[in-house]
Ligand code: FUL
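Have a look below at one chain only, the form predicted alone, in structure tokens format.
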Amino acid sequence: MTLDERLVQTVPSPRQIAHQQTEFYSFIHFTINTFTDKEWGEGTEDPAIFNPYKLDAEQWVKAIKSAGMKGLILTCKHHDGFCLWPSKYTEHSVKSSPYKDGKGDIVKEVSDACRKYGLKFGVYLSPWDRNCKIYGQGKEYDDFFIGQLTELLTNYGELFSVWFDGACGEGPSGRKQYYDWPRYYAKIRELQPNACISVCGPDVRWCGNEAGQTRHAEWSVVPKRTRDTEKIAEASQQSDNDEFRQRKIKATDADLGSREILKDETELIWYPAEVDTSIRPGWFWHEYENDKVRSLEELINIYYNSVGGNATLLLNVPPTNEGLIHDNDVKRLKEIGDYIENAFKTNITERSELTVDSYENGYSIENVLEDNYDNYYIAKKGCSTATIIAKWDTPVNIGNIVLKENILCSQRIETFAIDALKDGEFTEIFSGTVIGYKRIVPLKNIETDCIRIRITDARTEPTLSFIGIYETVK
């Protein structure tokens, strides 16, 4: 079997498809650290300091939904071991705090608010617990962790994501805990079969940094060995490692899935990337960062390069110690949502005359007008290129073009280009590599009456499930 044949046989699971279709969703970092002004807790904090007396989960969800996000992942327990739900396995939780006189369950409040307003809900559970006395004692600790994991998997409805990082330190005995990942995964598959296990997991991989930087070409079909989490365990969310959080992707990390990289790989997997970053410099709320919320321009650029670059975007929004998302963050989230809504409001593809130079019977180019996988375009058998032309009766102003492959047939397109007709001749205005689940091409108000999309190389007959050409909204 040739490499290209092996590549196109590697396809996503239904849960991975659903996750990628979620596209843009929120992290909520909230725990006792919010009250100590730290990024990492010690596990020795007194629960008496935890009292978010204005906490309003619906305010969180409304703010997140205003940005166009479709889901929320809550840090139910961070490395400090403090649980936002009344876990029966520890006293280091909300039940020992003044919040609602020890009767509160923040995980339930947030999950209920998500379902009320139509957001998917997911959980983050740190495998490192700096409060637990048996951390580092092998199976005894794994039993404890499975108990807490089971509580989250069974008491809060359907989950779309279970998010692990690989943080791993020494326990009270000075021993390191070696996590029984297969056991954790099996429990999730048993109790939440539709949830993606992310980052330290088999379904969604980490993009490689926490600064919002993305690769020029983000492949979904990668070597199986990319599931190695050692790098994440060493570097992810290091409170004392600002250089790591801000670093750019190294050249050696820039290509995970081209033919050249994969030619000697014996095992391939579908393992799409997630870009995780924070709306502020830190992951948890700090009062001195209230005026350091990232600019709209920077956040939109991250959105285009992640959601529009064959990845998903997990944007962290940390509530204050009062239990509310700060007004500055709320304002920025609404601005993000308004921008995205306006930028992709008017799809003029259906107003154009669409033609293509080759297609398989039953898979004509008109199938790209609807954004689904039931009907799609595929080139004629044996063709690894295609030329698609969209022509209008009068000139139009184009702000963005969205291209989507039918990923049920794998990720096939290697390179493509876009041309605009100007003064009777086509001029190339963009060239790129991968398309995958979704590629957004910002054109910044190109005026033309004809666009040409050239698929210049593919692993086998290229597919497109959707073409959206969006008119500039003034």
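The model shown is predicted, which means the values in this text are computed figures rather than measured ones. Note that residue numbering follows the sequence shown and begins at 1.
Keep in mind that the form predicted in complex with ligand FUL is missing from the display, and what follows is about it.
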Contact test in the model of the complex: residue 274 vs ligand FUL, heavy atoms, 4.5 Å: no
Ligand FUL contact at residue 412 in the model of the complex, heavy atom, 4.5 Å: no
Proximity of residue 203 to ligand FUL in the model of the complex, heavy atoms at 4.5 Å: no
4.5 Å heavy atom contact, residue 438 and ligand FUL in the model of the complex: no
Among the candidates 268, 167, 356, 113, the residue which, in the model of the complex, approaches ligand FUL to within 4.5 Å (heavy atoms): 167
Partner-contacting position among 339, 179, 124, 144 - heavy atom within 4.5 Å of ligand FUL in the model of the complex: 124
Candidate stretches 398-406, 78-86, 102-110, 323-331, one within 4.5 Å of ligand FUL in the model of the complex by heavy atom: 78-86
Residues within stretch 353-392 having a non-hydrogen atom within 4.5 Å of ligand FUL in the model of the complex: none
